[in-house]
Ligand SMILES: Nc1ncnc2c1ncn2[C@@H]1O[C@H](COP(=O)(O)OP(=O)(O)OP(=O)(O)O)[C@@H](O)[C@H]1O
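Take a look at this single chain in C-alpha coordinates; it is the form predicted on its own.
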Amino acid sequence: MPRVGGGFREFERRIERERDSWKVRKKDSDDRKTYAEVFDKRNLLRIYKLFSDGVIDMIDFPISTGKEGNVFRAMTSDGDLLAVKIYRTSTATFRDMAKYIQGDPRFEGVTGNRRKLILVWASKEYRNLMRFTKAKVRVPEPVAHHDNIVVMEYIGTEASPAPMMKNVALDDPEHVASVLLEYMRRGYQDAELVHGDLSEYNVLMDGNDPVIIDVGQSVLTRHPFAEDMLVRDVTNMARFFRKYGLNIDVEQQLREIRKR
(Lines give C-alpha, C1' and ligand atoms only; values in the text may rest on other atoms or scores of the structure.)
Protein backbone atom coordinates (compact mmCIF):
# COMPACT_ATOMS: atom_id res chain seq x y z
CA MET A 1 0.00 0.00 0.00
CA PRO A 2 1.61 3.30 -1.05
CA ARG A 3 2.24 6.16 1.31
CA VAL A 4 -0.43 8.66 2.34
CA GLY A 5 0.34 11.53 -0.03
CA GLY A 6 -2.62 13.16 -1.74
CA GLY A 7 -5.12 13.14 1.11
CA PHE A 8 -7.78 10.69 2.16
CA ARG A 9 -9.54 10.33 -1.22
CA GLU A 10 -6.31 9.37 -2.94
CA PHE A 11 -5.46 7.09 -0.03
CA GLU A 12 -8.81 5.33 -0.47
CA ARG A 13 -8.24 4.84 -4.22
CA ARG A 14 -4.76 3.45 -3.58
CA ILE A 15 -6.13 0.88 -1.17
CA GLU A 16 -8.57 -0.28 -3.84
CA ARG A 17 -5.68 -0.74 -6.26
CA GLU A 18 -3.59 -2.49 -3.64
CA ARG A 19 -6.29 -5.03 -2.97
CA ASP A 20 -6.03 -6.07 -6.61
CA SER A 21 -2.32 -6.73 -6.10
CA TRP A 22 -3.26 -9.14 -3.29
CA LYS A 23 -5.14 -11.10 -5.97
CA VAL A 24 -8.53 -10.94 -4.29
CA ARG A 25 -10.64 -11.99 -7.26
CA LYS A 26 -14.41 -12.07 -7.66
CA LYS A 27 -14.49 -15.84 -7.38
CA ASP A 28 -12.81 -15.58 -3.95
CA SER A 29 -16.11 -14.46 -2.44
CA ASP A 30 -15.15 -15.14 1.19
CA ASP A 31 -11.92 -13.19 0.86
CA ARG A 32 -13.65 -10.33 -0.90
CA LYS A 33 -16.23 -10.13 1.88
CA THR A 34 -13.48 -10.17 4.50
CA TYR A 35 -11.56 -7.32 2.89
CA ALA A 36 -14.76 -5.37 2.37
CA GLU A 37 -15.33 -5.59 6.14
CA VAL A 38 -11.74 -4.68 6.98
CA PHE A 39 -11.58 -1.74 4.58
CA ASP A 40 -14.95 -0.16 5.15
CA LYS A 41 -15.11 3.63 5.34
CA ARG A 42 -14.79 3.74 9.13
CA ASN A 43 -11.70 1.54 9.16
CA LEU A 44 -10.13 3.43 6.28
CA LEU A 45 -10.34 6.61 8.34
CA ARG A 46 -8.72 4.83 11.29
CA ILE A 47 -5.92 3.46 9.13
CA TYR A 48 -5.44 6.87 7.55
CA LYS A 49 -4.94 8.37 11.03
CA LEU A 50 -2.14 5.88 11.74
CA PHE A 51 -0.48 6.96 8.50
CA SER A 52 -1.00 10.65 9.23
CA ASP A 53 0.37 10.26 12.78
CA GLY A 54 3.52 8.63 11.43
CA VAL A 55 2.93 5.29 13.15
CA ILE A 56 3.17 3.46 9.84
CA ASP A 57 4.36 4.61 6.44
CA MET A 58 3.06 1.82 4.25
CA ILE A 59 1.27 -1.54 4.40
CA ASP A 60 2.80 -4.38 2.41
CA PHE A 61 0.42 -7.34 2.37
CA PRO A 62 -1.85 -9.56 4.51
CA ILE A 63 -0.07 -11.88 6.93
CA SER A 64 -3.06 -13.80 8.25
CA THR A 65 -6.83 -13.90 8.20
CA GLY A 66 -8.52 -14.97 11.42
CA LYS A 67 -12.07 -15.32 12.65
CA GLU A 68 -11.93 -11.98 14.45
CA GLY A 69 -9.70 -9.91 12.21
CA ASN A 70 -6.84 -9.60 9.76
CA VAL A 71 -3.14 -8.98 10.29
CA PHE A 72 -1.07 -7.02 7.75
CA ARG A 73 2.64 -6.40 7.49
CA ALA A 74 3.48 -2.71 7.60
CA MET A 75 6.57 -0.53 7.52
CA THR A 76 7.65 2.64 9.29
CA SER A 77 9.33 5.59 7.60
CA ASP A 78 12.63 4.21 8.95
CA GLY A 79 12.05 0.88 7.24
CA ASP A 80 11.18 -1.10 10.38
CA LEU A 81 8.58 -3.83 9.91
CA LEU A 82 5.40 -3.90 12.01
CA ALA A 83 2.22 -5.95 12.21
CA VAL A 84 -1.17 -4.22 12.03
CA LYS A 85 -4.10 -6.18 13.43
CA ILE A 86 -7.53 -4.92 12.37
CA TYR A 87 -10.52 -6.38 14.18
CA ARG A 88 -13.64 -6.71 12.06
CA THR A 89 -16.43 -4.89 13.87
CA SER A 90 -19.12 -6.74 11.91
CA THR A 91 -17.94 -10.25 12.73
CA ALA A 92 -20.28 -12.59 14.61
CA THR A 93 -17.51 -14.55 16.35
CA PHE A 94 -17.44 -12.22 19.34
CA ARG A 95 -20.71 -13.42 20.84
CA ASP A 96 -18.80 -15.03 23.76
CA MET A 97 -16.31 -12.22 24.28
CA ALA A 98 -18.24 -10.55 27.10
CA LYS A 99 -17.27 -13.31 29.55
CA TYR A 100 -13.58 -12.39 29.09
CA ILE A 101 -14.30 -8.70 29.73
CA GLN A 102 -16.73 -9.04 32.61
CA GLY A 103 -14.81 -9.61 35.81
CA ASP A 104 -11.84 -7.54 34.61
CA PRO A 105 -11.64 -4.41 36.80
CA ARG A 106 -9.86 -2.55 33.99
CA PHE A 107 -13.12 -2.63 32.03
CA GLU A 108 -15.63 -2.53 34.84
CA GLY A 109 -19.05 -1.33 33.76
CA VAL A 110 -18.40 -1.83 30.04
CA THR A 111 -21.59 -2.76 28.26
CA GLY A 112 -22.97 -2.07 24.84
CA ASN A 113 -23.39 -3.51 21.40
CA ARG A 114 -20.98 -5.79 19.56
CA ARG A 115 -19.16 -2.89 17.89
CA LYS A 116 -18.41 -1.25 21.24
CA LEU A 117 -17.27 -4.55 22.78
CA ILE A 118 -14.84 -5.14 19.92
CA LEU A 119 -13.29 -1.72 20.47
CA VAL A 120 -12.83 -2.70 24.13
CA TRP A 121 -11.39 -6.05 23.05
CA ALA A 122 -8.71 -4.35 20.93
CA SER A 123 -7.84 -2.09 23.86
CA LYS A 124 -7.64 -5.18 26.07
CA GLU A 125 -5.22 -6.90 23.70
CA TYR A 126 -2.99 -3.83 23.56
CA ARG A 127 -2.91 -3.49 27.35
CA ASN A 128 -2.28 -7.21 27.80
CA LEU A 129 0.65 -7.00 25.36
CA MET A 130 2.07 -4.17 27.46
CA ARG A 131 1.75 -6.19 30.69
CA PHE A 132 3.30 -9.31 29.18
CA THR A 133 6.16 -7.31 27.67
CA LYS A 134 6.91 -5.63 31.00
CA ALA A 135 6.97 -9.07 32.64
CA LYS A 136 9.55 -10.25 30.06
CA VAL A 137 7.15 -12.65 28.38
CA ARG A 138 7.98 -12.77 24.68
CA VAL A 139 4.99 -11.41 22.82
CA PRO A 140 4.89 -8.97 19.89
CA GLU A 141 5.86 -5.68 21.50
CA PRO A 142 2.94 -3.23 21.34
CA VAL A 143 3.46 -0.03 19.34
CA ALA A 144 0.10 1.74 19.05
CA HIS A 145 -3.63 1.29 19.45
CA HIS A 146 -6.48 3.13 17.78
CA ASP A 147 -10.07 1.95 18.18
CA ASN A 148 -10.21 -1.57 16.67
CA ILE A 149 -6.61 -1.53 15.37
CA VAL A 150 -3.52 -2.74 17.24
CA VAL A 151 -0.04 -2.07 15.86
CA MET A 152 2.71 -4.32 17.17
CA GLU A 153 6.11 -5.80 16.50
CA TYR A 154 6.33 -7.92 13.36
CA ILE A 155 7.62 -11.43 14.04
CA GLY A 156 9.43 -12.91 11.06
CA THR A 157 11.97 -12.10 8.40
CA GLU A 158 11.93 -9.81 5.39
CA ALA A 159 10.99 -12.83 3.31
CA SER A 160 8.13 -14.23 5.40
CA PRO A 161 6.30 -14.04 8.73
CA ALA A 162 7.27 -16.47 11.47
CA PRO A 163 5.40 -19.81 11.28
CA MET A 164 3.04 -21.16 13.92
CA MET A 165 4.57 -23.73 16.24
CA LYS A 166 2.16 -26.36 14.93
CA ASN A 167 3.76 -26.09 11.48
CA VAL A 168 7.38 -26.44 12.64
CA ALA A 169 9.47 -29.53 13.39
CA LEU A 170 11.16 -28.34 16.59
CA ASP A 171 14.92 -28.97 16.79
CA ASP A 172 14.95 -28.66 20.57
CA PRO A 173 11.43 -29.25 21.88
CA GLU A 174 12.62 -29.50 25.49
CA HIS A 175 14.02 -25.98 25.29
CA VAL A 176 10.86 -24.60 23.70
CA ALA A 177 8.62 -26.28 26.28
CA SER A 178 10.79 -24.97 29.12
CA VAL A 179 10.66 -21.42 27.76
CA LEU A 180 6.89 -21.48 27.29
CA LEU A 181 6.29 -22.81 30.81
CA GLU A 182 8.57 -20.09 32.18
CA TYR A 183 6.60 -17.49 30.21
CA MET A 184 3.41 -18.84 31.74
CA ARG A 185 4.97 -18.50 35.20
CA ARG A 186 6.09 -14.92 34.53
CA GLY A 187 2.72 -14.13 33.03
CA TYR A 188 0.92 -15.42 36.10
CA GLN A 189 3.22 -13.98 38.75
CA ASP A 190 4.61 -10.79 37.21
CA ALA A 191 1.99 -9.71 34.66
CA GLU A 192 -0.83 -11.25 36.72
CA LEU A 193 -2.33 -12.59 33.51
CA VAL A 194 -3.41 -15.98 32.19
CA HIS A 195 -3.32 -16.37 28.41
CA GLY A 196 -6.52 -18.37 28.26
CA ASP A 197 -6.10 -19.90 24.81
CA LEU A 198 -2.50 -21.07 24.69
CA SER A 199 -1.79 -23.80 22.16
CA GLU A 200 0.46 -24.57 19.20
CA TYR A 201 -1.81 -22.27 17.16
CA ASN A 202 -1.02 -19.21 19.29
CA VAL A 203 2.75 -19.56 19.39
CA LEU A 204 5.03 -18.34 16.60
CA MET A 205 8.56 -19.66 16.17
CA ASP A 206 11.14 -16.91 15.69
CA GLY A 207 13.98 -19.23 14.81
CA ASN A 208 14.25 -21.45 17.90
CA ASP A 209 12.46 -18.98 20.14
CA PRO A 210 8.71 -19.15 20.85
CA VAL A 211 6.62 -15.98 20.74
CA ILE A 212 3.14 -16.00 22.27
CA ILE A 213 0.42 -14.23 20.27
CA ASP A 214 -3.32 -13.50 20.38
CA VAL A 215 -3.62 -12.23 23.93
CA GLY A 216 -6.94 -10.41 23.60
CA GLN A 217 -8.75 -13.04 25.66
CA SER A 218 -6.06 -13.10 28.39
CA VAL A 219 -7.50 -12.35 31.81
CA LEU A 220 -6.17 -11.10 35.13
CA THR A 221 -5.34 -13.81 37.66
CA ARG A 222 -8.18 -12.60 39.87
CA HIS A 223 -10.72 -13.13 37.09
CA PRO A 224 -13.29 -15.82 38.02
CA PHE A 225 -12.29 -17.98 35.02
CA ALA A 226 -8.52 -17.53 35.41
CA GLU A 227 -7.72 -20.80 37.18
CA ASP A 228 -9.76 -22.92 34.78
CA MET A 229 -8.06 -21.19 31.86
CA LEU A 230 -4.61 -21.75 33.39
CA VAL A 231 -5.28 -25.48 33.75
CA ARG A 232 -6.41 -25.62 30.12
CA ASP A 233 -3.29 -23.77 28.92
CA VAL A 234 -0.88 -26.10 30.75
CA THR A 235 -2.84 -29.16 29.62
CA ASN A 236 -2.62 -27.95 26.01
CA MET A 237 1.15 -27.59 26.30
CA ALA A 238 1.48 -31.06 27.83
CA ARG A 239 -0.61 -32.54 25.01
CA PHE A 240 1.38 -30.83 22.27
CA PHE A 241 4.84 -31.73 23.56
CA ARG A 242 3.85 -35.34 24.22
CA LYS A 243 4.37 -36.02 20.53
CA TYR A 244 8.04 -35.13 21.06
CA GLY A 245 8.31 -37.67 23.88
CA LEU A 246 8.18 -35.05 26.66
CA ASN A 247 6.17 -35.87 29.76
CA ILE A 248 4.99 -32.59 31.28
CA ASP A 249 3.42 -33.14 34.69
CA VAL A 250 0.44 -30.77 34.59
CA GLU A 251 -0.09 -30.65 38.35
CA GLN A 252 3.59 -30.02 39.06
CA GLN A 253 3.75 -27.25 36.47
CA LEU A 254 0.63 -25.61 37.91
CA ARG A 255 2.30 -25.58 41.34
CA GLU A 256 5.44 -24.01 39.85
CA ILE A 257 3.44 -21.37 37.99
CA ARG A 258 1.44 -20.43 41.10
CA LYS A 259 4.37 -20.57 43.51
CA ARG A 260 5.20 -17.25 45.17
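Since the model is a prediction, treat every value here as computed from it, not as a measurement. In this text, residue numbers run from 1 along the sequence as written.
Separately, the form predicted together with the named molecule exists; it is not shown, and the next lines address it.
*Asks:* Just to be sure I understand the contacts: of 117, 164, 181, 130, which is the one whose heavy atoms reach within 4.5 angstroms of the named molecule in the predicted complex?
*Replies:* It is 164 that has a heavy atom within 4.5 Å of the partner.
*Asks:* Between the options 192, 60, 68, 57, which residue brings a heavy atom to within 4.5 Å of the named molecule in the predicted complex?
*Replies:* Spelling it out, the residue with a heavy atom inside the cut-off is 68.
*Asks:* Can you work out whether residue 138 and the named molecule are in contact in the predicted complex, taking contact to mean some heavy atom pair no more than 4.5 Å apart?
*Replies:* No - in the predicted complex, heavy atoms of residue 138 and the named molecule never come within 4.5 Å of each other.
*Asks:* Looking in the predicted complex, any heavy atom of residue 233 within 4.5 Å of the named molecule?
*Replies:* Contact with the named molecule, no.
*Asks:* Using the partner position in the predicted complex, report whether residue 104 sits within 4.5 Å of the named molecule, counting heavy atoms only.
*Replies:* Contact with the named molecule, no.
*Asks:* If you check in the predicted complex, is residue 47 within 4.5 Å of the named molecule, heavy atoms only?
*Replies:* Looking in the predicted complex, residue contacts with the named molecule do not include residue 47, since no heavy atom lies within 4.5 Å.
*Asks:* Tell me which stretch of 184 to 192, 130 to 138, 79 to 87, 171 to 179 has a heavy atom within 4.5 angstroms of the named molecule in the predicted complex.
*Replies:* Contact-bearing stretch, as computed: 79 to 87.
*Asks:* Relative to the named molecule in the predicted complex, which residues of 151 to 174 have a heavy atom no more than 4.5 Å away?
*Replies:* Those in contact are 152, 153, 154, 155, 161, 164.
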